[in-house]
Ligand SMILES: NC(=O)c1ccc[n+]([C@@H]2O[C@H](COP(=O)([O-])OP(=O)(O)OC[C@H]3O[C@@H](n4cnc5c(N)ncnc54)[C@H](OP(=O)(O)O)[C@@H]3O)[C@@H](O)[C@H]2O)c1
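The chain below stands alone and is given in structure tokens; this is the form predicted on its own.
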Amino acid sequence: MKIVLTGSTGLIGSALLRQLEADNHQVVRLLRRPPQRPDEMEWDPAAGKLPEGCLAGADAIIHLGGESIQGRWTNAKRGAILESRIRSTALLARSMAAMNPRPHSFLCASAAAYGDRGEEILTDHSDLGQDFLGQVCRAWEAAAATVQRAGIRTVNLRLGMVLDGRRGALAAMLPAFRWGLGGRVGSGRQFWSWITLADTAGAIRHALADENLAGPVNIVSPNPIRQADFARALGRALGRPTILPVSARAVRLAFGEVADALLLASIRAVPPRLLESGFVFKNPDIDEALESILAKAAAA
């Protein structure tokens, strides 16, 4: 299968690229820098520029690119987060709709951005939140819907917190927890919807292969966990105490609005569509997942 991939240098994209290449797919990487290998091509989504013929003959496009949500959400940062996603998706959508033949599948990143919903169980059919991230993902998925209207199977990958020992949210937590300085954040009762990096890449490959999957698909473990329980599980995996709480006020002072969206919001998302389609998680439980992640990080 010929696959065009954006975001291949990111946490998820780099792991997915390795798996796609191991499956003997032909992968063309769209990058925002000059190409350094024959399988790379430069694009400029902000300027609406795609290299000529880059999508030709593609069976599927997987779009994972976009401005990082990490960092303080200034007005400029908010604009970059939104525009990078909408413009790039719209550019790909226009190009795919004009093709003959067209790709048969478009997998586009989104997020499990359901907002602070307390104890509510959130499925693939739940409404996105009204906060900034929810609004971004709603606009992002609307841009991707143009592809679906062109008759191309479109999957919105609603990604949860992706756990990896070297990059991402967990990697950022590890130094404090290794020093015994970890603990609950805020009340600790908020649910975190998490998934390992290996299962994330596996779920995207599954969505690529399963022609019956379309629309929103939650890419999360079937076992969301309260933040305090997550902290205790990480402490167990590291053999460290987790007795130092961090107040919601302190987290907001440190991270700004990002704290409410990513750390303090309770998002109890589950993946019924993945499970019903036959996807089998390698690491569905947090203790096993953290043990596997830390072992891989130590061996690297």
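Model, not experiment: these values are computed from the prediction. A residue's number is simply how far along the shown sequence it sits, counting from 1.
Here the subject shifts to the form predicted in complex with this ligand, a form of this protein not shown in this document.
Within 4.5 Å of this ligand in the predicted bound form, a heavy atom is found for none of G71, R78 and A259. The stretch in contact with this ligand in the predicted bound form, judged by heavy atoms within 4.5 Å, is 61-69, chosen from 244-252, 229-237, 61-69, 270-278. Shown without its partner, this chain lists V185, L91, M161, A143 as candidates; in the predicted bound form, only M161 has a non-hydrogen atom within 4.5 angstroms of this ligand. Looking at Q190, you'd find every heavy atom of it more than 4.5 angstroms from this ligand in the predicted bound form. Contact check for A207: no non-hydrogen atom falls within 4.5 Å of this ligand in the predicted bound form. Taking non-hydrogen atoms only, I12 approaches this ligand to within 4.5 angstroms in the predicted bound form. Contact check for L31: a heavy atom falls within 4.5 Å of this ligand in the predicted bound form. Looking at 252-268, no residue comes within 4.5 Å of this ligand in the predicted bound form, counting any heavy atom.
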